[in-house]
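Here's a solo chain for you in structure tokens, the form predicted alone.
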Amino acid sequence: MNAKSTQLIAQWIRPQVRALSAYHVPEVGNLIKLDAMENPYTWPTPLVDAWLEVLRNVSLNRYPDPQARDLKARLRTTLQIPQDMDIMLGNGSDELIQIIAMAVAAPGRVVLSPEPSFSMYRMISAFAGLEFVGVPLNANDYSLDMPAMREAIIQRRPAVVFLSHPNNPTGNLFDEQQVCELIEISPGLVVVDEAYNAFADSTVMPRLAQYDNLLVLRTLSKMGLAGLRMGVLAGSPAWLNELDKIRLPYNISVLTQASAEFALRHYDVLEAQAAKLRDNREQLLAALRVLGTMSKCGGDVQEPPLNGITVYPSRANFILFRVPAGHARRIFESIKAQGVLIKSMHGASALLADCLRVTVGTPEENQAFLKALEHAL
């Protein structure tokens, strides 16, 4: 970059943006991909053929329905969104998080979330010029530190509180009564992000009528539709009417609308795949625990031997585990060299030191990962 470009960028690009790093997505090549919480299962051939027939009738020369009315009706039934609540769709949940941040952005305002959690909460806050406050989770089990959360909410009065439920990257569900307490004491919006709802058997969706400041965020990505980029926000029509003013028109393409509606008509296939992944998760957790030792806190968390691992409980489609101190990079690279790509969380947070995260795959993919991990240890 020449000096003139450097000068112009320094002049016009906000310092908060210049200080950021772009979100990095690694190249996969021929690796077994267990790094991004994707559903490894594809549709059966007859279903693919039926989907392609639907796409033949899509008019690419016309703009999509800006309100995606047919798709919203299908989503309301499938996701059991209360009839008196509204729905807004986004190009993935990331766009919806960005819309929320843009809507509340003003000098001195704060976004708050427990940490570690979904990295986009912090990143998008910076994009919007908001101050982000991260409240550390309890170190032993990644549960909410309620005294610290209460104090931070009372002192900082956040415009938005984001709660990932189950939490990414730790995999645990927060206590629902504690979540309700945080909604009750928060002066602004509370967004409960249920991206991994299909694997958790827990939702606060029925509580939308109970709390005026609650919004529920969902995505279809973890159900096998990651390529569609479909995020769903449910909440009071009064809130969503304001947020919809910021949403760009036609943000959901005709192909996405047609494909998502078709997929939801065959939701039983997606649910069956999610059930498989829940079973695969339990088998993978059991196998990983063999590499651990006795419980350190009377629960499912496993204390590692010198060459073992700590395994954390999961209600999502991924598992967080801690390797012996100082070995995260070596073990990650060794697993990758054996043809399996997982996610290194080491360095993302002090509470994630020496931690790696693996997405639950097919039984064959999970076995390949376990073999690579055992070799790396």
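This one's a predicted model, so the numbers in the text were calculated from it and none came from an experiment. So that there is no doubt, residue numbering starts at 1 and follows the sequence shown.
Another form, the form predicted in complex with a small molecule, is not on view; read the next lines as being about it.
Shown without its partner, this chain lists Ala328, Leu341, Leu352, Met37 as candidates; in the predicted complex, only Met37 has a non-hydrogen atom within 4.5 angstroms of the small molecule. For the candidate set Ser164, Thr170, Asn197, Ser125, a heavy atom within 4.5 Å of the small molecule in the predicted complex is found for exactly one residue, namely Ser164. Here the chain stands alone, but in the predicted complex its contact with the small molecule, taken as any heavy atom within 4.5 Å, falls in 93 to 101 among 93 to 101, 261 to 269, 175 to 183, 202 to 210. The closest non-hydrogen atom of Tyr121 lies within 4.5 Å of the small molecule in the predicted complex. Proximity of Ser221 to the small molecule in the predicted complex falls within the 4.5 Å heavy atom cutoff.
Looking at Arg281, you'd find every heavy atom of it more than 4.5 angstroms from the small molecule in the predicted complex. Heavy atoms of Arg289 never reach within 4.5 Å of the small molecule in the predicted complex, leaving it off the interface.
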